[in-house]
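Single chain ahead, by itself, as structure tokens, in the form predicted alone.
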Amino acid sequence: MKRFVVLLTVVMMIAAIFVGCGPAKPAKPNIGITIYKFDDNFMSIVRNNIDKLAKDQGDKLDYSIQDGQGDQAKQNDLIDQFLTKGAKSLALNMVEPASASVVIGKAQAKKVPIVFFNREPDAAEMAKYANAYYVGAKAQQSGTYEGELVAEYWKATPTADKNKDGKLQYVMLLGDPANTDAKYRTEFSIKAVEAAGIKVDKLAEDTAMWQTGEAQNKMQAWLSKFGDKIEVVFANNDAMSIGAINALKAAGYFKGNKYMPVVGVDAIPEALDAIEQGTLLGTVLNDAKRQGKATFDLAWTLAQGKPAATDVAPLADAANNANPAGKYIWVPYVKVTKENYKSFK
């Protein structure tokens, strides 16, 4: 009997060993996501949408969203951690898009696909890696729409030319000079005004780095220097357009007949409120929800080892999505004015 018990015990131990050595549960796909700065108005909307879509996958997905805090070195460390922990894809909103080449090299060495979003890296760098993709909107279009909003106002409003010199005197609030969106929004907004047959005179331009407080300070300084000579305020984004409006309010604008047209980009909730209140002439919808969805869908597809071309549907119309290489998803902009702002609230 003792022998039988001992034999049974041995058999059970061997069985347990074989069970323990059975096929391991496959690891869940892991996506590493980083935003250039969490407290950016627009990117917080994109981030929250990505987070919601990732959570909707339940236990099918592991993911991490981290704050780059406006520091490229810190963001590089986060990306290294994602790769060390076995990320199957990366979704990156770069602090400095010009630094993308370093990140591409690291991901390529580990054969991890990358989805850059909202801040577009150089096309030549993107071309070096077959599994590097970009989701965003064409900044040239947003600048053009800003300029068209101003041109329409100028032609419809005889009093817009305050000094009656036949020229539009303007100031321009710039985003990060290293960001291609800032460059193209600045360039194409003025091109669109000139294309409408309007002569322009730049009084001042300076960077406020996408920030409301910095834009308010810049605008206050320009009002002190130029006063009512300023006829239009362009801002590369709505956080800065709100800063400009705050400075204008403090200087007595938007009361009675004292008005200053201001335009921006993003259509964030504060901008829609400002349109409703009559302090923002118009903005251009940079579709945060669709950018977030396109980014997540692509990163999730790639993390599962599926081919992007067949599994990710473009969210832009055909004209804006001309992309034979299958490496870009373009989300189109939309003009937002007092006529249609309620549709976006």
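Start at 1 and count along the sequence shown; that's the residue number. Keep in mind that this is a model prediction, so the values were computed, not measured.
The discussion below concerns the form predicted in complex with beta-D-galactopyranose (GAL), not included here.
- Taken together, Tyr145, Glu152 and Leu280 are entirely out of contact with beta-D-galactopyranose (GAL) in the model of the complex: none brings a heavy atom within 4.5 Å.
- Residues of just one listed stretch (269-277, 175-183, 107-115, 254-262) have heavy atoms within 4.5 Å of beta-D-galactopyranose (GAL) in the model of the complex: 175-183.
- Interface residue among Trp210, Tyr133, Phe234, Phe82 relative to beta-D-galactopyranose (GAL) in the model of the complex, by the heavy atom within 4.5 Å criterion: Trp210.
- Using a 4.5 angstroms threshold between heavy atoms, Tyr36 counts as touching beta-D-galactopyranose (GAL) in the model of the complex.
- Proximity of Asn286 to beta-D-galactopyranose (GAL) in the model of the complex: non-hydrogen atoms within 4.5 Å are present.
- Although the partner is absent here, Ala294 is not a contact residue: none of its heavy atoms lies within 4.5 angstroms of beta-D-galactopyranose (GAL) in the model of the complex.
- beta-D-galactopyranose (GAL) is not shown here, and in the model of the complex it never comes within 4.5 Å of any heavy atom of Lys88.
- If you take 29-51 and check each residue for a heavy atom within 4.5 Å of beta-D-galactopyranose (GAL) in the model of the complex, you get Tyr36, Asp40, Phe42, Met43, in sequence order.
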